[in-house]
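Before any questions on how it binds or moves, here is one chain, the form predicted alone, in structure tokens.
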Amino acid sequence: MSIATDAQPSKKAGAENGYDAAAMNMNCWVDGKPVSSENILTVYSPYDRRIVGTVQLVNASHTELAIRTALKGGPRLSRYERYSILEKTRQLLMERKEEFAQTISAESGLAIKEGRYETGRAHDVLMFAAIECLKDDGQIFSCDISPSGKARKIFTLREPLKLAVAITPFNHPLNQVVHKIAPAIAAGTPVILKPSEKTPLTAIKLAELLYQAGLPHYMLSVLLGPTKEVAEILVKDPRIDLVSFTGSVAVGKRIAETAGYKKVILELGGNDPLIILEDADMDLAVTLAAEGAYRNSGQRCTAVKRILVQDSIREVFTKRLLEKTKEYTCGDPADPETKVGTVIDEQSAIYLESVVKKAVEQGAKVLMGGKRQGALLEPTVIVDVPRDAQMVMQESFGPLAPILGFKDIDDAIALSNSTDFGLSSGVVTKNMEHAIRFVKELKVGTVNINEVPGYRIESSPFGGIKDSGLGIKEGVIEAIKCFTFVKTFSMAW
């Protein structure tokens, strides 16, 4: 494991594939046109602070124009037209996959390996959303099935919403965006995207691909600008039918309080445990713990935030995890050999440093890692973490691997359920009875047996309860449902 001591200009990760990145000058898009503005957002690399790109920002008048453009609309796209646009976008993305991976890595500080992996995930989202366009999703109900019935049939179909807003976070600059945009397009619902100011370049590049693939201008606008002139207006405007938000608990709850009479989809934080029982396959448990805690620099809502290990195997597991952690090199995100890049910025790394320090003051011990240089933070193994430490009660969004012991299954379930979050969980065991009990008793949206908490495919339902969300699921199929409403009609039959 290594960490840079003096940040140097990043290596050209795409050079071996014929791609050489340069600073990008990009625009928000409204009414199918790039916005020209005097207000500029500069995006810096979290690793070496070089300028990755600039974006021309919008103001309240642009926000109003985007709303009116979407509501005015245009010819309604057929299912096949929606399919064709998403399929063409998928093809274009694959043709430029290294360019997108490079942009993801440069603006987020994620290892280039993660950028390439994320581009592959976005491919799947587009593919599954395109497939759903070709499916008939209605239902038929016969009305002569009761003594008071009659010879009629009731049919259902789904209609698109007038307009939706998608607000996305920094930690998956491409996949978080495509998980909202692709289902909206598949549903036929116009959408206004407000990506994170920390990672806007990838989102804008995706919008440009969609336009190139034939998406009409009224179906998508991309806005970045002051909160009061963009996000607040979009959340509060009564002409908007839905706000889909992924981000922090505090902002999500504020959106819920201010959105008014509209649908709200909130995918918020997680404090996901990996629960390792004494009968677990040790090789599997160690691999899942390391992958879950360190991949994407630990910046996933479904990352392993707490490693709960049965007391009888805790010492052996800890030794094995220390050895495994040595494989997760930390450094230049553009270096293909780097496994863990930066967190999103130095302020976030300083916060993670502080929660480790507080845990140590409460009696925890750092066995490996913990060193910080700018936004780089080494993968960190911490043991004897108190159950009430800030690190494990709140969401620590970084490459931390805090290990907590438990006595038995009752203790494990109580410990897992002890925080305000309820997104995902992983359980490592060979005992099916134990597995079933965890599925039934963990207060979370997902329980994965012998997998990391975040495992899913892009079309499967995803979402949490408690402070992790309102229980409304995302994933391509569920999201398409959210971007539509059900219309019912009946006929004599």
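Numbers for residues come from their place in the sequence shown, where the first is 1. Note that the structure is a prediction, hence the values are computed from the model and not measured.
Here the subject shifts to the form predicted in complex with a small molecule, a form of this protein not shown in this document.
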Spell out, yes or no, whether the shortest heavy atom distance between residue 417 and the small molecule in the predicted bound form is within 4.5 Å.
no
So in the predicted bound form, does residue 197 come within 4.5 Å of the small molecule, heavy atom to heavy atom?
yes
So, residue 206 and the small molecule: in the predicted bound form, are they within 4.5 Å at any heavy atom pair? no
Please determine whether residue 167 contacts the small molecule in the predicted bound form, using a 4.5 Å cut-off between heavy atoms.
yes
Within 4.5 Å of the small molecule in the predicted bound form by heavy atoms, the stretch out of 126 to 134, 239 to 247, 75 to 83, 361 to 369 is 239 to 247
- [ ] Would you check whether the small molecule, in the predicted bound form, lies within 4.5 angstroms of a non-hydrogen atom from each of 288, 317 and 437?
- [x] no
Interface check vs the small molecule in the predicted bound form: of 114, 395, 107, 378, the one with a heavy atom inside 4.5 Å is 395
Heavy atom within 4.5 Å of the small molecule in the predicted bound form, from candidates 231, 213, 352, 313, belongs to 231
